[in-house]
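The chain below stands alone and is given as C-alpha cells, in the form predicted on its own.
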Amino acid sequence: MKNSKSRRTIIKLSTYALLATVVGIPNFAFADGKTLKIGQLGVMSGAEASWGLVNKYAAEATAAMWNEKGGIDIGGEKYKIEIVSVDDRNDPKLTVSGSERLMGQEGIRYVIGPNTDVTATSVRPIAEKYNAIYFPYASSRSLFTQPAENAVMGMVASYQVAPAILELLQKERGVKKVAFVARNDSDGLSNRDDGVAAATKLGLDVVVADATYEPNVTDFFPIMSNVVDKAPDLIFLPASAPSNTPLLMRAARELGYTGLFASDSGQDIKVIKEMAGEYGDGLISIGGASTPEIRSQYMDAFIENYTKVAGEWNDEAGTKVYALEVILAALQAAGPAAIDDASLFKKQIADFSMRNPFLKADSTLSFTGEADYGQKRQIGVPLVLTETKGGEFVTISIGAVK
C-alpha cells in the first residue's frame, strides 16, 4: 500500500515537472499556492487604447520577472503575482463596474490605473468603500488631495511636465511663441489651461489658446491651418492620444510648419513613425527609463519581458514601469497583513524608499507630492523629457518632481 502511494506521488511530481517544463515554470515556483492579485484597470480599446494596454503589459512583464524567480517574498512566504485586468473603454460607467469587480468581487486591494481624470474620479468612492489603493495615470489634484487618500499618482502630472518642457525650450531652443491645440474633453482642456498658465508665467507669447478638436476626428488640416498661420515656435498638444499626435504633426508640417511640437502625455514611437513618417521629428514629450543612455540591466530585462508579453516593445512602457515595483516593495516593507489591509500600506508611505532599479545611476524611489497635494500621494518617478529624432526617442533632460 505504501509503495502504491509513493508511486502515485512520484507520478504526480513527474507530471508537475513535465508541465513546468512545457510552460516554462520553474519547478520550485508557487509550491505553497499563495497568490498576490494586483488589479489593472484602464482604457484598452479605442483611440486611447495604448495607454491602458501599456499599463497591462508593463504589469504583466513585471509579474513574469518576479514569478520566474519563484514569486515575491513577503514576510518570509513566496507569493505568485497574478495581474487581473479590466478594460473600461474610457467609459466611467465601465470603470465603476470594473472597480466593483476588482475591489469587491475579487477582493483586490491594489489596482493600477485607470488612465484619465474622468475615469479615475469615478473609482474614488469604490476605493474608499473597500479601503483599496489605486494608482491612476490621471492628474486631477482632487484625486490626491485630502480628504482623498486612496489614490497614488503613478506618473509625473501634466502640470508638472508642461512647465518643465516650456522652460527648457525657452532657455535652450529660444522658443518665444506657443500655440496650444487641445482635445475637446475634460483632460485635454484641463491640461491646456495648466499649460497656458505655465507659459504665461514664463513670459511666453501664447498666440493660440483656444484651438480644440474632437477626440474621434482624423482630419486636422482645418484646425492646424489656423494655428500655423499664427507662426508659433512651438505647438503644444495637451493630453494628446498616441494615435492623434502624429496626425496633428503631419498636418502642421504639410502646411509648412517648421517649429517644435510638445505633449505632456506619453507617446508611441512606432505609431509616430508609421503615421507621421518623415514629419515625426521634433516632438518633445514625457519619457521613461527606457532610453539606452540611462537604463540599467534590470530595465533591459524588463524590456525583454515586456516584448515577450506584448509582442513588441513600446517606449511608453518606460513611464509605466514603476507602479507595480513600488507596490511590491512597499508590501514587503509593510508585511503580509497589508495584502488585505491597505491601511498598513498607507502607513509605509511617509518613510518608504527604495533604490530605483531601472536607472544606471544611483537614485531612489519614494513617495512625493507634498508641494501639489499637501500629502505624499505620488510615486517620485524621474521627470524624463525626450525628443523624437530619426525615428527614436532621445533623452534630452532628466529631472525630479519635488
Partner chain sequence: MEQVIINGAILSANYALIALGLTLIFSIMNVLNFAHGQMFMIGGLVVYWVCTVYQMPYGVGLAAAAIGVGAVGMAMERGLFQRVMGSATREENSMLLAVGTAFLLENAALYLFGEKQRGIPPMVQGVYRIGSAFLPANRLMVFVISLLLIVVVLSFVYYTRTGRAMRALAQDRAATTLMGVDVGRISMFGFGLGAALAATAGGLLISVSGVNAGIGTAISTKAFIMIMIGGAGVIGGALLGAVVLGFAEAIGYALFPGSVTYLIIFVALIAFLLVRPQGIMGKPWG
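Remember, predicted model here, so these are calculated numbers, not experimental data. Numbering follows the first chain given and starts at 1.
Another form, the form predicted in complex with its partner chain, is not on view; read the next lines as being about it.
Enquirer: Counting only heavy atoms and a 4.5 Å cut-off, does its partner chain in the predicted bound form sit next to every one of 124, 145 and 333?
Expert: Contact check failed for every one of 124, 145 and 333.
Enquirer: Find the only residue in 359, 64, 47, 349 having a heavy atom within 4.5 Å of its partner chain in the predicted bound form.
Expert: That would be 47.
Enquirer: Which pick from 202, 94, 223, 168 sits with a heavy atom within 4.5 Å of its partner chain in the predicted bound form?
Expert: Selected residue: 223.
Enquirer: Can you tell me if residue 243 lies within 4.5 angstroms of its partner chain in the predicted bound form, counting non-hydrogen atoms only?
Expert: Although its partner chain is absent here, residue 243 would touch it in the predicted bound form, with heavy atoms inside 4.5 Å.
Enquirer: Can you tell me if residue 275 lies within 4.5 angstroms of its partner chain in the predicted bound form, counting non-hydrogen atoms only?
Expert: The answer is yes: residue 275 has a heavy atom within 4.5 Å of its partner chain.
Enquirer: Contact between residue 295 and its partner chain in the predicted bound form at 4.5 Å, heavy atoms?
Expert: Taking the distances in the predicted bound form, the answer for residue 295 is no, it never comes within 4.5 Å of its partner chain.
Enquirer: Give a yes or no for residue 54: in the predicted bound form, does one of its heavy atoms lie within 4.5 Å of a heavy atom belonging to its partner chain?
Expert: So residue 54 counts as contacting its partner chain.
Enquirer: Within 4.5 Å, heavy atoms only, one stretch in 297-305, 205-213, 321-329, 154-162 touches its partner chain in the predicted bound form. Which?
Expert: Only one stretch qualifies here: 205-213.
Enquirer: In the predicted bound form, which residues of 245-270 put a heavy atom within 4.5 Å of its partner chain?
Expert: Heavy-atom contacts within 4.5 Å come from 247, 250, 254, 255, 256, 268, 270.
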